[in-house]
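Quick setup: one chain, the form predicted alone, written in structure tokens, and binding and motion questions come after.
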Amino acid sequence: MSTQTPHADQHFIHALLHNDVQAVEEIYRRFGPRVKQYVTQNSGTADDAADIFQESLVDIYNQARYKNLVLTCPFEPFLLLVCKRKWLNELKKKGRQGVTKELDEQFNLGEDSFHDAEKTWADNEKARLFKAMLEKMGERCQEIIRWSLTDKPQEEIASKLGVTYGYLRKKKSECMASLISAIKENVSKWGLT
């Protein structure tokens, strides 16, 4: 679960969530041409680019609304990464020629920007995996792990849960082992490494 400070570009995420017309228009104006250039130089049309751009914004909106996306890198490389992944999936589905130019090569944004975007994407996916696996656990394990993620002392948590400190430690250890095992089993299914 990411505890990093949101990037200043988080305002773009806020704009999507709250349908801030001016800010959304800025997103289209500033970033749309780059996505169009990328898609059209990689076996796509202007219409394909518009679809990919729109679908990517919807995906980002959904991540923000339902998965509490926190942007820890600039918005542009994150958006371009989402668009690139979407376009690559589209090419695979249609059996078209692959990508001929890499995103960072095309836009000269720098390796760090794309690394940060990849990390933001991965952190959010890992948080989703953690939450999904936690929700599959028994109610008692969920309760113990959720309480353990707070800053409260273990003795206080044991008291709130009506168990002994020793029981809490033992059960927490068992629950965490089960959670870690479930996460490890599902990492490849979620496309994470």
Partner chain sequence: MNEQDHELIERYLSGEMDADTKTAFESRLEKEPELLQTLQTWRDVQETLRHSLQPDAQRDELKKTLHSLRPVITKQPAKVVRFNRSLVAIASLAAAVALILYLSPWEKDLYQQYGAQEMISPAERSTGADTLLAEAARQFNHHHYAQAVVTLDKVLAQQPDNAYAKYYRGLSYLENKQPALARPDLEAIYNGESVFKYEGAFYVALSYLKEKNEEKCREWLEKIPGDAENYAKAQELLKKL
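Residue numbers count along the first chain shown, from 1. Here the rigid core means the biggest group of C-alpha atoms that line up within 1.5 Å when the two forms are laid on top of each other. The shown structure was predicted, so the numbers you read here are calculated from the model rather than taken from an experiment.
Note that the form predicted in complex with the partner chain isn't included here; everything after this is about it.
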Contact of residue 54 with the partner chain in the predicted bound form (heavy atom, 4.5 Å): yes
Residue 64: touches the partner chain in the predicted bound form, heavy atom cutoff 4.5 angstroms: no
4.5 angstroms heavy atom contact with the partner chain in the predicted bound form for residue 9: no
The partner chain contact in the predicted bound form: residue 182, any heavy atom under 4.5 Å: no
Residues from 10 to 25 in contact with the partner chain (non-hydrogen atom within 4.5 Å) in the predicted bound form: 16, 17, 18, 19, 21, 22, 24, 25
Yes/no, residue 10 Cα shift of 2 Å or more between this form and the one not shown with rigid core fixed: no
Core-aligned C-alpha movement of residue 21 between this form and the one not shown reaching 2 Å: no
Core superposition between this form and the one not shown, C-alpha change of residue 129 at least 2 Å: yes
Closer or farther in the predicted bound form: C-alpha pair residue 182, residue 89 (3 angstroms or more): closer
Note on residue 59-residue 129 C-alpha separation in the predicted bound form, which departs from the shown form by 3 angstroms or more: closer
